[in-house]
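What follows is one chain in structure tokens, specifically the form predicted alone.
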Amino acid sequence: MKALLLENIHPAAVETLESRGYEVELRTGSLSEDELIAALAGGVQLLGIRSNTTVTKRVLDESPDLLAIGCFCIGTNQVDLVAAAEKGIGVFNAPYSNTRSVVELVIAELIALARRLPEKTQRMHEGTWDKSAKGSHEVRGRTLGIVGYGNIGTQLSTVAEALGLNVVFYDTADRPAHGTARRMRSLKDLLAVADVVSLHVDGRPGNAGFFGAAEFAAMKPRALFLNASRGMVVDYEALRDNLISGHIAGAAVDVFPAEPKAQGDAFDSVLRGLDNVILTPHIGGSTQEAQEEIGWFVAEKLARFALEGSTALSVNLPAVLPPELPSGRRIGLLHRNLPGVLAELNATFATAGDNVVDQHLATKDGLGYVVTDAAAPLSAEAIDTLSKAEYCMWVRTW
């Protein structure tokens, strides 16, 4: 059993998979499409990536041994989720593990920009003593506008409020406010009152170019702007124009539309060279604590899917969390969600004189997944009959 982990994934993932019997290959950088296909050709069952490796339909089509993909991060837009689901390949991520790390970076950048620390430290390194309060402010009493009130946005809301900021938020989904945060009816309403705007939206294609010239123009004069979500959601040319004009007082950016593939590669951006801008290399979730948590969390999800049939927290398959493997036998059936599948499956057990000990079923987006623990193994003939059914995508035994 082989696993391939890319992009410097934490050793905790290696330890977890090796403890479950996997031979693990660990690589520090990301791979191109052709390189990834070649790397997976050696019978790799589990693939681990972060945000810089793209798993396309072609990669999936040419990797017949691949069972599951682990995104050792929050986002999964780098994987063709529809194509993966069609092939029955489970995709897993870590939706909660690095939220605190991202929040702490945003808070640190917010304070640094409010106190104009980037330009102050640069002046000191240049040998200039510039002790002045001009343009420096406390964050207490200021209004933070959070765009995207998910796992990170809500935790940021709580921490920011504890620092004395007033919090407003906007989200297209109906989400409850934390603490005294106020929901705004539109993005325009939020931009009109926020002294600081922080983006925390996902990377779905519809969010491309979400924040551009019109949105920057709608922000309060001398407001601050932060993006630790996805690079493709912001027009950075428009941000540069507003920084140079002075309409935006400062910005902190951790994500970019195109990011270098490996450590030490060259980086360029239209925002380079501006003294009121903090640029960081997509390190929002890059703390030892977060990476260790993500490492074992996602690796355990991959192992339980491959070895036990669990799809708990899968982002593209129906979620089934069966108990640990019982003393009997387990069969997993991923199928088209058609009427009568469960009845036909149970009839197969009945015909074989086998007793169903435990059974779990879930459906999602036209797919169904049922895990059945039986008192005895089904015959090879019965399993072959199931696998040839028109509704069957795959059938596996554990």
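The structure displayed is predicted, hence computed values, not measured ones. Start at 1 and count along the sequence shown; that's the residue number.
There is another form of the same protein, the form predicted together with a small molecule; it is not shown, and what comes next is about it.
(Q) Taking 4.5 angstroms as the heavy atom distance cut-off, pick the stretch from 218-226, 132-140, 250-258, 190-198 that is near the small molecule in the model of the complex. (A) So the stretch in question is 250-258.
Q. With the small molecule left out of view, which of R115, R240, K87, R175 would have a heavy atom within 4.5 Å of it in the model of the complex?
A. Only one listed residue qualifies here, and that residue is R175.
Q.
Please tell me which of N207, N166, T287, S269 lies within 4.5 Å of the small molecule in the model of the complex, judged by heavy atoms.
A. Contact residue from the list: N207.
Q. Looking at the small molecule in the model of the complex, do all three of D373, S379 and W398 come within 4.5 Å of it through at least one heavy atom?
A. None of them does, since no heavy atom lies within 4.5 Å of the partner.
Q. So in the model of the complex, does G148 come within 4.5 Å of the small molecule, heavy atom to heavy atom?
A. Looking in the model of the complex, residue contacts with the small molecule include G148, since a heavy atom lies within 4.5 Å.
Q | Heavy atom of Y170 within 4.5 Å of the small molecule in the model of the complex | A | Yes - in the model of the complex, heavy atoms of Y170 and the small molecule come within 4.5 Å of each other.
Q. So in the model of the complex, does any heavy atom of D202 sit within 4.5 Å of the small molecule?
A. Contact check for D202: yes, within 4.5 Å of the small molecule in the model of the complex.
Q) Just to confirm, N316 within 4.5 Å of the small molecule in the model of the complex by heavy atoms? A) So N316 does not count as contacting the small molecule.
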